[in-house]
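A single chain comes next, written as structure tokens; it is the form predicted alone.
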């Protein structure tokens, strides 16, 4: 009985266990890894993926998936840059329009999935192509450069010591955690992810809930895109490409299930996000060949999906055994 409890505890807290093991491993390989400055850089670099991963967590809780977030980042960042550079719009209104673009892409996904009954994987794969296509059409594949007024934001400190991008990430995490843990909406979201048919019978308007998660995902993808821009100051044709996989990996490593109904923003997605960036930084500190690093990251994403499958299966088995014993 005690063994079952221990195994169940480890499975449910696999994210924290992996986080500690990876942190210690890279610390032993590269002593410079254990520095406050390095950890601040990891948090700063992880901010934009973390913001996107929070939106992805909402989608995953319903058993869906959003492959369009990378292209949403690109399209919204292109629109924002064009409005600032060519239309002369101030930064804040331009950012608001870019967030609206992200919301619109999410709304398209939501309509296709909840009204047309299309599969989320195929739907978001299509919008991924369409959104990037629109962005490339607007730019003609020419990079969009942002003014110094935007890039200087990355050096701004909130309360005198918190970098702006980390502060935005923390605010998104705080708001999302409150919504999921303290509101009726959050409880219903978990209910829909756990058992869709039972949720419908209980009177929960599942289509509205599912639609809202894709709009949240699109909105946060656009916000994540702007946070990235404040750090690099430029949007090229490959901007955001592949970031959807990092966001999925971060959410799943953080304990969110691809089958829906399981997952937390804090500490789950936060730990998963920091873990992804920590691994990338650790590979650099360990002097791993730059051409090998993408292979390692792909293996980590595969491992995240595999761990999720094993974790879900084993927890169900243990719970079934406990019920039978009772």
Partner chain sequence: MKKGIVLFVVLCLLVPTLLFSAGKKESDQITIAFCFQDLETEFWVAGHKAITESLRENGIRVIEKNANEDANRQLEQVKDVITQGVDGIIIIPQDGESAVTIAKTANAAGVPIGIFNRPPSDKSAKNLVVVANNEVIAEAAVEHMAQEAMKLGRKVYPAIMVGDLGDPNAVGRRQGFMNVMAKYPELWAAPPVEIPTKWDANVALANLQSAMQANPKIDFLFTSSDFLFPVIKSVLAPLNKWVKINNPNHVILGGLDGDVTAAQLLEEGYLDATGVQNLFYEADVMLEAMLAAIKAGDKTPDKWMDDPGFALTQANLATRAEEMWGWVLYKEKK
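Heads up, when I say rigid core I mean the largest set of C-alphas that superpose within 1.5 Å between the two forms. Predicted, not measured: the structure shown is a model, and the values here were computed from it. Positions refer to the first chain, counted from 1.
The form predicted in complex with its partner chain is left out here; the points below concern that form.
In the predicted bound form, its partner chain sits within 4.5 Å of a heavy atom belonging to residue 234. In the predicted bound form, at least one heavy atom of residue 280 sits within 4.5 Å of a heavy atom of its partner chain. Within 4.5 Å of any heavy atom of its partner chain in the predicted bound form lies no heavy atom of residue 98. Proximity of residue 158 to its partner chain in the predicted bound form falls outside the 4.5 Å heavy atom cutoff. The candidate stretches are 99 to 107, 237 to 245, 213 to 221, 82 to 90, and the one lying within 4.5 Å of its partner chain in the predicted bound form by heavy atoms is 237 to 245. Annotation for 22 to 56: interface residues with its partner chain in the predicted bound form are 32, 35, 37, 38, 41, 44, 45, 48 [heavy atom within 4.5 Å]. Once both forms are fitted on their rigid core, the CA atom of residue 259 lies less than 2 Å apart between the shown form and the other one. In this overlay on the rigid core, residue 43 has a C-alpha that sits less than 2 Å away from its partner position between the shown form and the other one.
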